[in-house]
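This document starts with one chain, in the form predicted on its own, laid out as structure tokens.
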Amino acid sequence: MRAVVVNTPGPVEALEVAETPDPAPGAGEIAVDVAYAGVGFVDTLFRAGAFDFPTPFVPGIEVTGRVRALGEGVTGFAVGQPVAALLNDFGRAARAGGYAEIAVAHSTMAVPVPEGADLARVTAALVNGVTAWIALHDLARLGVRDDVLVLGATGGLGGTVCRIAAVHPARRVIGVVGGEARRAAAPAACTDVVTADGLTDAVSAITGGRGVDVVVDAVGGDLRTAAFDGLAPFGRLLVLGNASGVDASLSGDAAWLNSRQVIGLNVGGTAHLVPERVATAAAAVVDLVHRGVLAEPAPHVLPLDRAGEAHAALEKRTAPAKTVLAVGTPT
């Protein structure tokens, strides 16, 4: 099969298109003839060597396609059936492998996709959608009276969080952007948009001084601290990442005295322990996208051999909301 391989971690040039042996599913796994593979910022970190990933490896943690083969003991799937699959159950195996004509997923990390669904759109929503769904639905226990503050609202994950929060629905979805120039790029799902430098005063004004019920943070740094300080009683801070690279300290006493919660979510590190939550979230995202309820932006589509172009754009912060690689023929 054709695949994009990293033999030695490094810059974009480390991505090489090569012919590799066809993988076969083991017990509990399925093989997928890949139609589309999603490209995310985490893929650039794997490629660059930010994580101790065994080499050679194939990047890519989200795919759609059709079931090619079933491993021993797999039930609930049939050869030829359209599916979406996550390949980020890293606690179970050194998974990934999406940038290839054939990918192997654990069956608990795959869900059926309706015939005729737009597989490119489903792929584009998969990882961010599952992360946002688990964060808002399972951990934040989002309610219709809740105000949600989303840091990094113009990013891929932040944008999806805003749209799922609006669908859920929250009372308010307040998007935080880097500056005035980024205000127009905030998702239409936001009821309010505020800039990072005016976060504290803006949140106080919008909520009448009460604070927000839920903060979703993939940014970190000083912005995390300011958002935590703006939580209402019984407010929940969901930490989904640290794009700033600065791990700001939060006060345990402040959490105690103000009845606030800090909750972390790392899907890749825990997916193998809670596969039912991942599958439930994936099924919800597939359904919402297919029915047009979750209106994620149409992805930018590139052929497999231009994966490096997508990585370069992500690292330069010039990438579209989501890029997917067209690998096989979506039939």
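Bear in mind the structure is a predicted one, so any value in this text is a computation, not a measurement. Sequential numbering from 1, following the sequence displayed.
A second form of this protein, the form predicted in complex with a small molecule, is not displayed here; the remarks below concern that form.
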| item | value |
| --- | --- |
| Options 67 to 75, 98 to 106, 235 to 243, 208 to 216; stretch whose heavy atom lies within 4.5 Å of the small molecule in the model of the complex | 235 to 243 |
| Partner contact for residue 280 in the model of the complex: the small molecule, 4.5 angstroms, heavy atom | no |
| Residue contact check: residue 155 to the small molecule in the model of the complex, 4.5 Å heavy atom | yes |
| Distance check, residue 171 to the small molecule in the model of the complex, heavy atom within 4.5 Å | no |
| is_contact(residue 284, the small molecule) in the model of the complex, heavy atom dist at most 4.5 Å | no |
| Single option in 265, 58, 288, 304 placed near the small molecule in the model of the complex, where near means a heavy atom within 4.5 Å | 265 |
| Residue among 203, 83, 127, 148 with a heavy atom within 4.5 Å of the small molecule in the model of the complex | 127 |
